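What follows are structure tokens for two forms of the same protein chain, given separately as structure 1 and structure 2.
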Structure 1
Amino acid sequence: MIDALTGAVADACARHTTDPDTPAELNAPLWEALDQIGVLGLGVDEEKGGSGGGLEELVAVLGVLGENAAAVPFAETGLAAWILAEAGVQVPEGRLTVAVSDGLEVATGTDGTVEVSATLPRVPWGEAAEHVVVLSGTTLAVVARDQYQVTSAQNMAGEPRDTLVLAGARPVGGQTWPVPAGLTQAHEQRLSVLRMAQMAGAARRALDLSVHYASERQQFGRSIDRFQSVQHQLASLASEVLVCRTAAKSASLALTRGDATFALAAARVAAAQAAGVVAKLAHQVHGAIGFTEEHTLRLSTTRLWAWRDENGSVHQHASLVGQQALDAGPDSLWDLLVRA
């Protein structure tokens, strides 16, 4: 099932490549193709309006999308749908995104209608989304695109990270909902796994581009992959790609098995470190051409740099791991490492 799914998604990506000139722009044809394949509801049970499948399938599909620098809010839509399904709220059709806020104001207007207000910075695909799911403390609201203002902004990779302004916006259903206990944290953990899956894909593409380039680029009368120092860089590059993949898969497995706070933070730090090495080595192998806007290597490397510090920085995750190691102390440090 996974192979068929990833194969279909890879085909769709090949038919609808990202335009390197406008990487911030939604790739609408690709989005439609994904809809037709039927992967948009992946990771949400069928009885809750999704198309079934678990985290493993989602991780596999996101790997392909990450590899292709696909300009679609697939992770965000899946995550939003999953949150709503967990909260027992009807999932709207179309593209979705998620914003976590600590200051959503809920007011009741004179006519009894509910209105919500907040400024939500750096929301992925906020402009292209048709609804935003807002998690604020114990309150959950779903707000349609025509109820909020957008100021566009981008991350290092040029992906949309927009500021949304909700000023007396009317939420869907005319109400807010309570956030089930633990859902906000569970959402962060799930997002972490999804981003790691994308990172593993982007890292893989950086490797493939490097291997290909090294076999074509001629210097000193031969292709540069004939030089041992370049070969060793490709070996190290491939090794760190495997680290990224292992981090994503092991974190995904840990999350499906129970309390994964430590494993997820450790995986994030490990993936971030590895991603940094991948980007560095890929650029070194490419020489100056990789440092240009015309070369597609940047679609992978800038994503790696952007994603590794989003949704909790490496610094935060590393200090959490460090603290857990200290809390475990000498007698339980090892157990902390091997527990699921």
Structure 2
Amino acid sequence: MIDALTGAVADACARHTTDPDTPAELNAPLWEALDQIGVLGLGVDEEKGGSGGGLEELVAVLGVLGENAAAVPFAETGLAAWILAEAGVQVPEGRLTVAVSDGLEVATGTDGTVEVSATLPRVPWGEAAEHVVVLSGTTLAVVARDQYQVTSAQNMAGEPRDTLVLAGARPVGGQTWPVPAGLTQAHEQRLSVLRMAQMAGAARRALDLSVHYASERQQFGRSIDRFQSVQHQLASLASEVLVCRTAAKSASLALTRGDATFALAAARVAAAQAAGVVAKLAHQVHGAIGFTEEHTLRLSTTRLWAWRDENGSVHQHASLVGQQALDAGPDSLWDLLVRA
């Protein structure tokens, strides 16, 4: 099933490639194709408004989209739908995104309606989304696009990371909902897994581009992949790509099993370090051409750098791993490692 699913998504990506000159612009034809395939609600049970499937299928599809630098809010929509399903809230149709805020103000307007206000920075695909799901402490709100103002911004890969201003916005359904216990932390963990899946795909594309370039670039009368030093770089690059893929898969399995705090943090550290090495080696193989606007390598490596630093830094995840290892102590450290 996964092979058929990823094959269909890869075919859609091939038919509707993202314009490298406008990476912040929604790839609407690809989004429609994904909708027709029926994967937009992947990872959410059908009885809750999703398309069925589990985290494993969702991670596999995100790997393909990451590999193709797809300019669509697939991860964000899937994450928002999952949050709403877990909270027992009807999932609206269309593109969704998620914002976490500690400053959402809820008030009752002069006509008795509920109004919410907050400034939400760096929201992925905030302008293209049709609804934003706001998690704020114990309060959850769903706000439609016509209820908030947008200031556009981008991450280093050119992906939208907009600031949304909700000023007396009327939430969907005229109400807010309570956040189930543990949902905010679970959202952070699920987001970590989704970003690692995207990173694994981007790393794979960086490897493919590097192998192809090295086979074509001629130096001293032969292709540069005939030189041992370049062969070593490509071999190291391939091994780090495998680390990215393994980290995403192991994190997905750990999250599906249950308590995954230690395993997820360890996977994030491994994936982030591997992503940095992949980007460095890919650019070394390509030489200066890889940094230019004209070359598509930047679409993969800038995403690796951007996604690596989202949802917590490497230092934060490494500190968590170290602290949990210390807390476990010599008598329980082995069990902690085995469970991860």
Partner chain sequence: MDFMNLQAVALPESAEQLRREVRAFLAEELASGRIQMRPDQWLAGWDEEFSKRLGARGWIGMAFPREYGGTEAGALARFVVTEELLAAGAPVAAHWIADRQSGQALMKFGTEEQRQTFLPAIARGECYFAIGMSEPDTGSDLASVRTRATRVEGGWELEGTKIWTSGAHHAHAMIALVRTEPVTERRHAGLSQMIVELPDPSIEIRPIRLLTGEHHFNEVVFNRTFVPDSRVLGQPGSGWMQVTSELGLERSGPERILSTFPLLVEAVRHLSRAGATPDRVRLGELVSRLWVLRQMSLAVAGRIEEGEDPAVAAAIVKDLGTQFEGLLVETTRLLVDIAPDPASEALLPHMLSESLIHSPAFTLRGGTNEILRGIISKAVTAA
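Residue 1 is the first residue of structure 1, and the numbers go on in sequence order from there. No experiment lies behind these values; they were computed from the predicted model shown. Definition used throughout: the rigid core is the maximal C-alpha set that superposes within 1.5 Å between two forms.
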- Only one of the two shown forms is the form predicted together with its partner chain, so please name it by number. 1
- Message: Aligned on the rigid core, do the two forms place the Cα of T17 2 Å or more apart, comparing between the two structures?
- Response: no
- Task: After lining up the core, report the Cα displacement of P330 between the two structures in Å, one decimal place.
- Result: 2.6
